[in-house]
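Read the single chain below, which is given as structure tokens and is the form predicted alone.
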């Protein structure tokens, strides 16, 4: 193959869409993916749906989701901090996303089939993100895109408003597009799969029996040799994500507490090109100390666990920190935003760890989880399993249960009873007239923090716990781009032949907050746009 005209760095949805669109426009394209073939696809492997604008129902979605509503939803999620022009571009071009993906071989789930949640605003990928990634790679290869795995780009050389060259470092064991590899359905390590659902990480404060060290990818004696080359492509598209996989960078901007975080996204997002380009004069966007966190099982692997590691049953139970103390109202958040709110809360817990506690009745009601709960016949046994002071846990538990019985009795989780008591949906209780009762029957201060209903006492053994940590998905920091996806210099001038797509430039649109399915939409829309613009630049 002659030297590439368009180099695409990153092999998730943004990079794949850029490579395919540039190739369809006639450019010679090389896509480099830093992961080995079996782990290709970045965070896109863990995606499941994407948000798009539509004016009428279809086989994918019911009803309508028009541009004005999409705009309002995004403005509410981001507090209006996104770039208005890029937001309009994203929403308008999202109309074409389903057809573009279908034409590229991606299977989408029809709304009347399957078991995924009903959604008016998003379409679901049939087979999930891994199936989408596999389909896009197959399409890229059919079109003649050259794909190189285990290949890292760095040392971008800027001359004026142009990218003059970039270095590629490849592993001699990395392989190229024609090699076979293993697929990864869940993103878990082989060791995790073999451990019966209790994969390990060097978790802080977890009992030693729950900690399993992940196996190194390459034993020292088998470490692959690295080769490097300098390329001078006509145009480059960066779609290599942010820096959530870079512990040093996270520690620099977020402090030592990141030691207690789990990177549930790809470990390949090391941010090296981002850091080098900012040092060379590119314009940053977003806040490097702001992270998108959700509550995940503390037994998750140190990286790449994906959406399946999420913990969701907080409204059905009680959440305590490592000292056995409640810190937040478990019932206050019931929408999809609760995942991120609990992630942020856990980040402020001592040791960045918390526990969702349930009794037998509550355990039957919580959504299914990847890992089994820790279960004991009594509180003392549960406290021993999670390494907590049994007396403090029992004190918190009894106070909580007394408050629940005082306010709602034994059937307090029944929504009809909650309505009968004429409490507004977001009311907190007990109030001064609903004081909690201690086991000795005395009345004292209201439950602190309060508990929004419906809720009930947790008193049916056996008792269960899910250990939780903040799970990092992406960072709100990247490169500023213009409406042609060109990376901008701090002077405001665009770099003529350097484009960015996906998570790396997403903070232009979403500097805070999030909407379900948004990141795949940003990757698809700006990936296609960046590929088209890169090919246009090549043609002159």
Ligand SMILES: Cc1cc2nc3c(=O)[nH]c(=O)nc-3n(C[C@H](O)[C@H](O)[C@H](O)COP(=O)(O)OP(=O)(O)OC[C@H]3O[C@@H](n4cnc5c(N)ncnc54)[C@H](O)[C@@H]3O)c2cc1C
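Predicted model, so just to flag it, every value in this text is computed and none were measured. Numbering follows the first chain given and starts at 1.
Another form exists, predicted in complex with the ligand; not displayed. Remarks below refer to it.
The ligand in the predicted complex comes within 4.5 Å of a heavy atom belonging to residue 48. When contacts are judged by a 4.5 Å heavy atom cut-off, residue 354 does not count as touching the ligand in the predicted complex. The ligand in the predicted complex comes within 4.5 Å of no heavy atom belonging to residue 20. Proximity of residue 508 to the ligand in the predicted complex: non-hydrogen atoms within 4.5 Å are absent; the residue sits far from the partner. Only one listed stretch (245-253, 151-159, 364-372, 97-105) carries heavy atoms within 4.5 Å of the ligand in the predicted complex, and that stretch is 151-159. Checked against the ligand in the predicted complex, the residues 383, 77, 307, 89 give one hit for a heavy atom within 4.5 Å, which is 307. Put simply, of 61, 53, 479, 35 only one has a heavy atom within 4.5 Å of the ligand in the predicted complex, and it is 35.
Contacts to the ligand in the predicted complex (heavy atom within 4.5 Å) from stretch 7-33: 9, 10, 11, 12, 13, 14, 15, 32, 33.
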